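The chain that follows stands alone, in the form predicted on its own, written as structure tokens.
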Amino acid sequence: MSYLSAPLPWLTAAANLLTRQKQISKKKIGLFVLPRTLSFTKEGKRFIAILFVIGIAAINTGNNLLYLIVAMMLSIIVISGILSESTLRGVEVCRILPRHIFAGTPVIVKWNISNKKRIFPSFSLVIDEALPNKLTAESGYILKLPARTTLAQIRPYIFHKRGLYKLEGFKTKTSFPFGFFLKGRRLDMPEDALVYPNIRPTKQIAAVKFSKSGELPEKIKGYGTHLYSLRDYTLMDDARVIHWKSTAKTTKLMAKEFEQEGNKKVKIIFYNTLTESTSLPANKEETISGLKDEFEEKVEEAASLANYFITSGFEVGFKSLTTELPCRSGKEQLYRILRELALIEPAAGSKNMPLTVVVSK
């Protein structure tokens, strides 16, 4: 008994140490993402079931042939793991996003898929975007990716909401070589995507209701850079005002008339607040959801108005409770306003201020 009692404290300490390490490892599992994922296909589940049946039969009967079959099936699992790991290693994916992205509108994203291995190719690759919420993207598939080769694929993306998206990376999966297991690997490719609000078609009649005075600046004929109308060409006109496209259609000379510059400045004033009604429904969550939907609708109205006025030749400014942009013209000004609207959120305070979009001269 003396020989047994001596090492017991050491055994107890070792057991406590192992128990603590297990507890720590369990806590760490939730703090990081495993480098590989593994799942069974239908064929893989059947294969494992057959393996168990044959293994139990081999143990009960002691038949050497059954033991050989079990060993062969286990070796197939080992070979499948080695080849699938070789397929996933060395594969890199890079995405190229378009410069301007609008919510709810499909955009084309280019993938550059590279195999960095020197000798071995990769087979049967399935590539998915590690999707955040509110994003839809099609999967990609490559049957064979030779070594030291880069292939390009075009995939459609749809961003359902405006805002700044944090794209994390990709998930590559393969069932090579036997189709029994689906092995996956995570590829980190962080990138930010700024999504503009959806732009609706807007006509002048629809834009008038947002104006303080109920009318918009009128187009006046004069000397400017924007086209006003077309008329018949006369001998008193300069040849540089000939509109050749209309001349080709009508088979007679047509001259361009231009708009008078000035009085073509508008400012979109957006009160980015949530209006709280005095009589709220019993369900508070539904109330908040309805207010957010109303806010998003007004954001789209502001974006649509900015697009309408800038494409109509106006100098457009933007003002909210948190920012202000001076009146300017051109597409770059439109994208400045859209960037502000993509990131705008309800401002704190002034909750009684109505949620409106006002266009003023």
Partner chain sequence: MRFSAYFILISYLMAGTGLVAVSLTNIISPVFLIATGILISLSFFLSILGKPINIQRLVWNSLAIIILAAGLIDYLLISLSLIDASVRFLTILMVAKLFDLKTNRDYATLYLLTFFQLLAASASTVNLSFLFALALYILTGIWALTIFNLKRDWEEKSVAHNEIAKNILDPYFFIVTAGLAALSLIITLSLFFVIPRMGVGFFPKQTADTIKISGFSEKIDIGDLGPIKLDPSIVMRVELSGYKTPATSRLYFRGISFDTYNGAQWQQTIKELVALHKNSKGIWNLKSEIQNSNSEIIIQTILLEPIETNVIFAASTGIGVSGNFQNIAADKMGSFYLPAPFYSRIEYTAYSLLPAHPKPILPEQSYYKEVPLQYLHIPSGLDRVSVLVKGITSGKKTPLDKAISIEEYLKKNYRYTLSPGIPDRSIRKQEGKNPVEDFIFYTKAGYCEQYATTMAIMLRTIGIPSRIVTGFLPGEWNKFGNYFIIRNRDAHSWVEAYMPGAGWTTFDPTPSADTVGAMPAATTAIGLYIDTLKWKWNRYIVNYSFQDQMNLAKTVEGKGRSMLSKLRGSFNTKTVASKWKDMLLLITAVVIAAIILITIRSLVLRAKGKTRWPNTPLFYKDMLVLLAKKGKTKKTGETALEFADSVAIEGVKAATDIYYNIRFGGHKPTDEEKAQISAYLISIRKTLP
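Numbering follows the first chain given and starts at 1. Basically, rigid core = biggest C-alpha set you can superpose within 1.5 Å across the two forms. Values in this document were obtained by computation on a predicted structure and should not be read as measured data.
As for the form predicted together with the partner chain, it is not shown, yet the points below apply to it.
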- [ ] Flag this candidate site as yes only if Phe40, Ala49 and Asn133 all have a heavy atom within 4.5 Å of the partner chain in the model of the complex; otherwise mark no.
- [x] no
TODO: Check whether Val126 has any heavy atom within 4.5 Å of a heavy atom of the partner chain in the model of the complex, and answer yes or no.
DONE: yes
Open item on the list: Although the partner isn't part of this model, could you tell me whether Ser175 comes within 4.5 Å of the partner chain in the model of the complex, counting any heavy atom of the residue?
Closed with: yes
- [ ] Find out whether any non-hydrogen atom of Leu83 is located within 4.5 angstroms of the partner chain in the model of the complex, and reply yes or no.
- [x] yes
- [ ] Verify the contact flag for Leu164: yes if a non-hydrogen atom of it lies within 4.5 Å of a non-hydrogen atom of the partner chain in the model of the complex, no if not.
- [x] no
TODO: Mind telling me which stretch in 265-273, 140-148, 229-237, 187-195 gets its heavy atoms within 4.5 Å of the partner chain in the model of the complex?
DONE: 140-148
- [ ] Sequence order please: the residues of 316-347 with a heavy atom within 4.5 Å of the partner chain in the model of the complex.
- [x] none
Open item on the list: How about Ser320 - superposed on the rigid core, does its CA move between the shown form and the other one by 2 Å or more?
Closed with: no
- [ ] Determine, after fitting the two forms on their core, whether Tyr335 shows a C-alpha shift of 2 Å or more between the shown form and the other one.
- [x] no
Task: CA of Leu164, rigid core aligned, shift of 2 Å or more between the shown form and the other one - done: no
